[in-house]
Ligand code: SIN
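Have a look below at one chain only, the form predicted alone, in structure tokens format.
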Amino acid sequence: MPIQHPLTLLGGLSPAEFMQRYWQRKPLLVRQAIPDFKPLVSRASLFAMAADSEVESRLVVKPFKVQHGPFARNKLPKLSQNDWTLLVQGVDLHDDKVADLMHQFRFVPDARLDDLMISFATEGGGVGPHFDSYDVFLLQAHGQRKWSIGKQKDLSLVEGVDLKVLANFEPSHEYVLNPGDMLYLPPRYAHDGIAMGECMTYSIGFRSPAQNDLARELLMRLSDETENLDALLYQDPRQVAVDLPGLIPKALQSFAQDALDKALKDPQALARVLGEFLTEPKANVWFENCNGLKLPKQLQLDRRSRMMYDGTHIFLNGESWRASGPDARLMRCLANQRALTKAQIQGASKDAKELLLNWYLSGWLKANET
């Protein structure tokens, strides 16, 4: 993506300008970010997704009572009933057009891009004034929604409701969004969206892991590395009798430190488990094996595949490979462009072609018909 070129999506700003001036700093309202935008998923199709057990969905009915899907169509309120919202998460995993829309935001690293949620609401529907811990682009797809926003300092919550609703919301700005309009909000910027008649809003959200959660996940993954270490038992034949039995022996502390040092002996261990974690597919994602016998002439990543790289590794769907030279450049191109041309595949090494074929047979890649 040319990051210096102005984009209608960003109101005439280039991605570089947007990231420098607005990202994680202040809101941005873009009128007609996508001119003449029409919903990519019909209401009927969205309701069908909400009925699927493999799709994450929630129903919010004021005063903010939450139910979790799946929902058969007759379990949803009538369209004539006001004040209800259907939230369907990860729609990009289930629809190619929605995935293509989300990929327009890849001027932010894939490691941060999370998913696209569709919110369908009837008159007055919404989830109440709240704030998110992550960045979000709110694209109006159908109908109108009024957004009230503010840099809230009082974060106290309403008691006795299922959602985290701000008790004393004090908005500083209000906007009515029409189809194609978009509002960017940085983390912890309070907002309240209320449907003005039937409407659909697309929320492009970003991953923002908490440091303690990330540390816990990486340490768990690193612990798997210890299976290859020698199962040495702590020994202390020179331990003397003590009169302070509650004191942990320094020798045991050194033994524990040595265990961690051995687990991290590979300087790439932390980078490897981080990449595997960041590309781990969502819990509800399943790939079907392909019955093909040879590589297609052109390839593209399946919309559900997550592929990244660092200076040493290639990561795809929670697995990692060491890569260097022309093969690494080819795989990095696949991660960045999410597709490979006929010429690129033909020029690949035997090992690279074999790896691509394995990924294709696993359903991680598919034939590119364009």
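Counting begins at 1, following the sequence as shown. Source: prediction; values computed, not measured.
Just so it is clear, the following notes concern the form predicted in complex with succinic acid (SIN), a form of the same protein that is not shown.
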| query | finding |
| --- | --- |
| H142, heavy atom within 4.5 angstroms of succinic acid (SIN) in the predicted complex | no |
| Contact test in the predicted complex: T279 vs succinic acid (SIN), heavy atoms, 4.5 Å | no |
| Contact label in the predicted complex: S203 to succinic acid (SIN), heavy atom within 4.5 Å | yes |
| Succinic acid (SIN) contact in the predicted complex: L87, any heavy atom under 4.5 Å | yes |
| Among the candidates L299, V91, L177, V127, the residue which, in the predicted complex, approaches succinic acid (SIN) to within 4.5 Å (heavy atoms) | V127 |
| Candidate from D132, D181, D95, D110 lying within 4.5 Å of succinic acid (SIN) in the predicted complex - any heavy atom | D132 |
| Candidate spot S119, L138 and W147, all three touching succinic acid (SIN) in the predicted complex (heavy atom, 4.5 Å) | yes |
| Options 156-164, 287-295, 256-264, 111-119; stretch whose heavy atom lies within 4.5 Å of succinic acid (SIN) in the predicted complex | 111-119 |
